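Below you will find one chain, with nothing else, as structure tokens; this is the form predicted alone, and questions on how it binds or moves follow later.
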Amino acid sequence: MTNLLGKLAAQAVLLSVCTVSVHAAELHVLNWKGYGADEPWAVEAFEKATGHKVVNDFFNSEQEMLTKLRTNPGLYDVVMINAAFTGQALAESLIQPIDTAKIPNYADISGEKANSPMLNQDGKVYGVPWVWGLTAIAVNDKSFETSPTSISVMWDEAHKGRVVIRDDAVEAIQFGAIASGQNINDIKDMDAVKEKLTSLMPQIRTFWSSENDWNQMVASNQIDIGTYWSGSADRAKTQFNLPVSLVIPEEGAVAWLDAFSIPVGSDNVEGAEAFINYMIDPEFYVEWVTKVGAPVSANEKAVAALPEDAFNRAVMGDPKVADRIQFQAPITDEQRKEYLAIWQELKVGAQ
């Protein structure tokens, strides 16, 4: 952390030479709650090194995030966006180009992710890759002698009433696509997806919406298995000492890429650049993983700084895993409406 603070301070000095006013300013950040950017130790370190005061605000869904950007123009300086939604934010003129020359750690971002067409348009960068992870399945270790390897365990009668799935239409439909052997970004047989998810509904205990919900159900031994995020499963085991193990099914899993953008009208672009650079720094990342648990950094040097046996390096970096995951691509408004209608119908039938 000492080296990181020094680098942040140096960057602040460099930026101060290039700006007319360098007084401390508020930096408004919009992100998921409990997702790196609002860690007290990280906020304190950043503020101490740069003088920018971080003010965090949160959303519970990508749609809420977009609504907050639309209805509060000029309020936010940094926003975390699932890359599959960056294009929509750009189409609505909610985010602006980013000068990556002012973000030194950008040079160490994986080329594949840095060059993602979801984050770049007309030669300009609109999103800086931060972390990526999976929506796979996680199990209550108390319910399994050995971890399952197939997604089919969700349908096993032995776990009836002890299965959970996230209450998110897009995620659910994509999960159904994987379960029915299809590409999540090119679903050819929606009837097969509906049939698969319909047959899952009798297994479901509840539909979860937050990491805390999932963890509390495991802690009270109410569930055996359910869809979950890779970073959350890691935190559940390493930080909360819960009996949770992530399973990346042989059928595959949904992958997502989260990136930082700068909203149009930001009053503190300088602070936004410094904050994004801090968030993708290897030293911050290693501390985040160690203290809290985190997804996989898009910064190759950050991943390489982890111990060789660390989950985010050894498992998530395994080529065999990479071969069976599917990264989310943008979907149209029409698709989103279709997914939502199907999901609402399925939930009604499950009650």
Partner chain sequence: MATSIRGRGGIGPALPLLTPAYLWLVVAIFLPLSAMALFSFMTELPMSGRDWSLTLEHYAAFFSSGLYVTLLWASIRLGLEVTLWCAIIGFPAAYVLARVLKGRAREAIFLLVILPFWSNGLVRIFSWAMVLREGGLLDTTLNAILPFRIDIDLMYSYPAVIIGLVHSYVPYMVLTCYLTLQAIDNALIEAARSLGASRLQTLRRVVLPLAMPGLLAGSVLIFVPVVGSFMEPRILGGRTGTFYGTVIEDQFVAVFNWPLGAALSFILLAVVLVILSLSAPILRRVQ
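Positions refer to the first chain, counted from 1. What you see is a predicted model; the values in this text were computed from it and never measured.
Just so it is clear, the following notes concern the form predicted in complex with its partner chain, a form of the same protein that is not shown.
Decide if the three candidate residues 204, 345 and 348 all line its partner chain in the predicted complex, where lining means a heavy atom within 4.5 Å. All of them do, each having a heavy atom within 4.5 Å of the partner.
How about residue 290: is it within 4.5 Å of its partner chain in the predicted complex, going by heavy atoms? Because no heavy atom of residue 290 falls inside 4.5 Å of its partner chain in the predicted complex, the answer is no.
Answer for residue 340 alone: is it within 4.5 Å of its partner chain in the predicted complex, judged on heavy atom distances? Contact with its partner chain, yes.
Would residue 147 show up as a contact with its partner chain in the predicted complex if we use heavy atoms at 4.5 Å? Looking in the predicted complex, residue contacts with its partner chain do not include residue 147, since no heavy atom lies within 4.5 Å.
If we define contact as a non-hydrogen atom of the residue within 4.5 angstroms of the partner, is residue 70 a contact of its partner chain in the predicted complex? Output for residue 70 is yes: heavy atoms within 4.5 Å of its partner chain.
Considering its partner chain in the predicted complex, which of 211, 108, 167, 141 comes within 4.5 Å of it through any heavy atom? Flagged contact: 167.
Looking at 241, 152, 222, 183, which has any heavy atom no more than 4.5 Å from its partner chain in the predicted complex? Checked against the cut-off, the match is 222.
Considering its partner chain in the predicted complex, find the one stretch among 306-314, 55-63, 281-289, 320-328 with heavy atoms no farther than 4.5 Å from it. Looking at the other structure, the answer is 55-63.
Within 4.5 Å of its partner chain in the predicted complex, counting any non-hydrogen atom, which residues from 307-337 show up? In sequence order, 333, 336, 337 come within 4.5 Å of the partner.
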